[in-house]
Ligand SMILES: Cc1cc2nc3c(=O)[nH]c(=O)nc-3n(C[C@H](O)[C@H](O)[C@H](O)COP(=O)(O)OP(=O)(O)OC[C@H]3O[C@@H](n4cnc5c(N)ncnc54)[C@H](O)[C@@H]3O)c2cc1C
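For reference, the chain that follows is the form predicted on its own, supplied as structure tokens.
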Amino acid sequence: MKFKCIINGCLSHTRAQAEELNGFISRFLDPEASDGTTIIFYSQKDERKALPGLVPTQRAELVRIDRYHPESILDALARIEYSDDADLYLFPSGFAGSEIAVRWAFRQKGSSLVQVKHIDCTRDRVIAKKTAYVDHVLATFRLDRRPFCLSPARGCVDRLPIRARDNLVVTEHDFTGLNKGIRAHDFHWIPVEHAKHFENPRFLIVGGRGLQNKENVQFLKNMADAVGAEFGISRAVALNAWGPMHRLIGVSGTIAKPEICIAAGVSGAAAFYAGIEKSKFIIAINTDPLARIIKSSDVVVIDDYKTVMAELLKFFTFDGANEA
């Protein structure tokens, strides 16, 4: 099977994308029977040097564009692939990867599926599995129209580090200036909190809808900072703009694997729980004894999270840095 991996090097988590796709390839594609190429899009010249170390296949195409924009990637991809006959395109998990996967399949008159958890494929068809009905059902889909454009469900495979390839074949393209007329030329960056990717934190604290407002979310984040924990939020918190999207935990955000996870004010919907179920130890703090998260936790505290967190702080000492 001839396949292509698409990596968006304009985003901050390029290596995570590469290692995720490497794990997906290793698990579901036969390296001996597959013919793979990685296409990496990037924008800054100083990023170019590190890109060959992020290639999970024997060949790579490095494509420079002005900056990330779906139309730029799609149009550049169309110029590169105009005469190709790839059977399968693999895109990274997450919103950006899923969007490009679906739009590229439409342009190529192929078929697409996103948030895929398992595939079994030949050159003529793909049998793929993904969750449906709010993650209550594992559905099976048959895709018959080539090319097959897929993006994996976040966390469906373990990230696999990229091994160095001495015989890597690299082709380069420069599409800077492509489609400049369809976008605004004047823009500026508004500084925000730096996006963090915390798949494997030692200690994670997550806030949910039960926090009720932005001020309480900030209070819990301050608590997390004080005890040296990473801080995440549920989808309800993100949609209410009480916290930034890059801290989202669950199938639409980060699939975390902390040693200890404290879930405060979280109901425990399946889409959220998928983001913390690999935790070694889960502590739920909730005022609702019937909350779904209760049944899935190792320890449950039925109380107000502020009271519990204030007591927790008493077990931490501070001397320049946080120490338990």
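Rigid core (definition): largest C-alpha set, two forms, superposition within 1.5 Å. Note that residue numbering begins at 1 and tracks the sequence as displayed. Because the structure is predicted, anything quoted here is derived from the model rather than measured.
Only in words, not in the display: the form predicted together with the named molecule, which the text now covers.
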Original post:
Taking Gly250, Val266 and Ala269 as the candidate spot, are all three within 4.5 angstroms of the named molecule in the model of the complex by heavy atoms?
Top reply: yes
Subject >> Answer option from Gly94, Gly210, Gly243, Pro201, heavy atom within 4.5 Å of the named molecule in the model of the complex >> reply: Gly210
**OP:** Have a look at Ala226, Leu168, Ala132, Ala236 for me and say which one sits with a heavy atom within 4.5 Å of the named molecule in the model of the complex.
**Re:** Ala236
Subject >> Heavy atom contact within 4.5 Å of the named molecule in the model of the complex, the stretch among 53-61, 22-30, 271-279, 38-46 >> reply: 271-279
Original post:
Is there a non-hydrogen atom of Asp288 within 4.5 angstroms of a non-hydrogen atom of the named molecule in the model of the complex?
Top reply: yes
Original post:
Might Glu311 be said to contact the named molecule in the model of the complex, defining contact as any heavy atom within 4.5 Å?
Top reply: no
Original post:
Relative to the named molecule in the model of the complex, which residues of 288-311 have a heavy atom no more than 4.5 Å away?
Top reply: Asp288, Ala291, Asp303, Asp304, Tyr305
Subject >> CA of Tyr89, rigid core aligned, shift of 2 Å or more between this form and the one not shown >> reply: no
**OP:** Determine whether the C-alpha of Trp242 shifts by 2 Å or more between this form and the one not shown once the rigid core is superposed.
**Re:** yes
